[in-house]
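In the form predicted on its own, a lone chain appears below as structure tokens.
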């Protein structure tokens, strides 16, 4: 990393270590926070960088602002994200959100005009399913495959994919239960029919290794505020040989370029989000995603063992290598009351979803289990 980019940005990389992570995320010391699948707390490093940027915007001079709003910082963020998923920087574009990225892919493939269809499943993100439902009402052929026991049976996918399928769209890690799809098998199925594979990786990037080449992913999008550790900011990956050919740029703005995945960038990136990610990605790379995933494994495994035995059946398949596990509740209101009394933060909608990150320890799991006793 070049010196003088933003803040003393090497601080995040220098201190990033699993043993120090608890202190790097002060929120973890105030509550038992097991809810990264909803939003990741900010580290002290990202906060300091953003505070310096906001100070520059408030007090000037212009040179102080320019320290953060420059092409070099954006370039480094793209390079770091590309390295995270084994892509090239030219395959990465900025997008405001995961949903924006998915819409860019749907529009750019001209699916409806070509008389094609889209295949997805009910483990995809609810906002995406709403998107596809509205497109179906508008005339698009959309096929939603139902899960079997909260996982995807390839035979069910194979039955609905045909020669008119243009896109298979999945959440690589489901936000519903942390299920990790057999992405290579799905990619092979798509490519065998002349279709492409889009993956929403918001619940995977930064927590579990991603290799777009080995996995056979054609398009990918994610926001940064979950396991990428902060920033209302997003990324779009487009395989290099598909740019401008299979995937047309349909919307244009001041950031659109003739080449590279930035041709799909519609507007100026969030500079504050970029500053945040500049720190967060350094932190993630300094630890290493392999180590982050290994740190999460025993925490999730213990939850998967003990909560079902305590009367909370899991809907997460055993061995699913994500940082998320979900459990059924007989009395959601009672569970919420117990967690509130114990100062434990998880998602308790239809199911209880627990998600862990670098700052979590086995003591957090102990407190969750004790709260439910």
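Numbering follows the first chain given and starts at 1. Not measured: the values here are computed from a predicted model.
If you look for the form predicted in complex with a small molecule, you will not find it shown, but the lines that follow are about it.
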Since exactly one of 81, 196, 225, 179 fits, which has a heavy atom within 4.5 Å of the small molecule in the predicted bound form? 225
Please pick, from 283, 150, 132, 125, the one residue with any non-hydrogen atom lying within 4.5 angstroms of the small molecule in the predicted bound form. 125
Counting only non-hydrogen atoms and a 4.5 angstroms cut-off, does residue 203 reach the small molecule in the predicted bound form? yes
Wondering, does residue 77 line up within 4.5 Å of the small molecule in the predicted bound form on heavy atoms? no
How about residue 175: is it within 4.5 Å of the small molecule in the predicted bound form, going by heavy atoms? yes
Tell me, yes or no, whether residue 97 is in contact with the small molecule in the predicted bound form, where a contact means a heavy atom of each within 4.5 Å. yes
Tell me which stretch of 167-175, 106-114, 135-143, 274-282 has a heavy atom within 4.5 angstroms of the small molecule in the predicted bound form. 167-175
